[in-house]
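The chain below stands alone, shown as structure tokens; this is the form predicted alone.
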Amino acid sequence: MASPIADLTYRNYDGPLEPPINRWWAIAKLSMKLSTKKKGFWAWSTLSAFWYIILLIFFYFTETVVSNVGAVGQKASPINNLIWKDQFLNAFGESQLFLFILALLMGAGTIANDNRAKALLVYLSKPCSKLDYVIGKWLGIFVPMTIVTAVPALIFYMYCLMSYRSAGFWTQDPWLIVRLLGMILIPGTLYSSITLAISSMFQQGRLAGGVFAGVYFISYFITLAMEGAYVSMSMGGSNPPGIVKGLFYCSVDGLQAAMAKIILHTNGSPKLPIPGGAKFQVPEPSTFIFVPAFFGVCALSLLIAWSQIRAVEVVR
């Protein structure tokens, strides 16, 4: 007589068989989780918004003084003379050092530490491909950095939109929000690409971080030198040559400033109300030169990372 209880010790799987998808997203999520747990991530993220905070404090005290003066002060308020998109450009420029530190914190060891731990042999085993790995690591830096850049800029935009429409915030550039959405993608795109390239060439995160810092600061000194030369020539009454204007943007910071000026379509304005200070601002660069240069640097960096990423062969 057959047993009334069926044998449940083994069952064949008869469910759907689907290929694994979004493998890159699993890698990106792990990278983002590790980054946000690092000491200093939230502190540097907050410090990157310090210029927006300074602007809000300036607006508060200006409104307080104007309200005490009355209608006459309202007409003469310095807020009415602001070029609004330049305020976002200035805040973007002041955040660059802090965003660089964030990129260093998140990206210096992202591939270098995997090389040291021989983790690529696991990552690149089927079904995870080389493309999944590169996309996942790139997004693991790009997404947090873009969020850090976007949050203060969009909050400041909404505050100004609600508070300063009468001061020309909307009428100066109705498409400013679209321009801002393009500008906030710049740091994440560039830093993610460069850090992947440098990190992929080392087996120590500290060495990769040192090289990245060297690239950043050496190129930054070029920008400072060109800015000093430009201001000196402008104060002397001469027209700075094109090479000075071009070399000003030939750095990690400068390339981002070039893209921001192109997207916002502005030459910029001084952070302080200096009479005639606008002539000391390096003008908006050529779109036909620096847009291809920006994406060329990103593409070259990703190509370097791609060529360096390979599993370690086990020889017996």
Partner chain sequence: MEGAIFMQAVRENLRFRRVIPWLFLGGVVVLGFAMNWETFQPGADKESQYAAVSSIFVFHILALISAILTSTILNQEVENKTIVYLLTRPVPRWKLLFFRYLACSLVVAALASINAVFASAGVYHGLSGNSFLIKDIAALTVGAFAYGAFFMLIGLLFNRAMIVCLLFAFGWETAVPNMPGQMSYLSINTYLQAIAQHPSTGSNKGLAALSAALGENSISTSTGYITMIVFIVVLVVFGAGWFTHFEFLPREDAE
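Numbering follows the first chain given and starts at 1. Bear in mind the structure is a predicted one, so any value in this text is a computation, not a measurement.
Another form, the form predicted together with the partner chain, is not on view; read the next lines as being about it.
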property: Partner proximity in the predicted bound form: G210 to the partner chain, non-hydrogen atom cutoff 4.5 Å; result: yes
property: Contact label in the predicted bound form: L181 to the partner chain, heavy atom within 4.5 Å; result: no
property: Contact test in the predicted bound form: Q204 vs the partner chain, heavy atoms, 4.5 Å; result: yes
property: L247: touches the partner chain in the predicted bound form, heavy atom cutoff 4.5 angstroms; result: yes
property: Contact assignment for the partner chain in the predicted bound form, among I155, L97, L185, A229, heavy atom within 4.5 Å; result: A229
property: Residue among L224, V151, I135, L161 with a heavy atom within 4.5 Å of the partner chain in the predicted bound form; result: L224
property: Listed range touching the partner chain, judged in the predicted bound form by heavy atoms within 4.5 Å, from 161 to 169, 214 to 222, 185 to 193, 141 to 149; result: 214 to 222
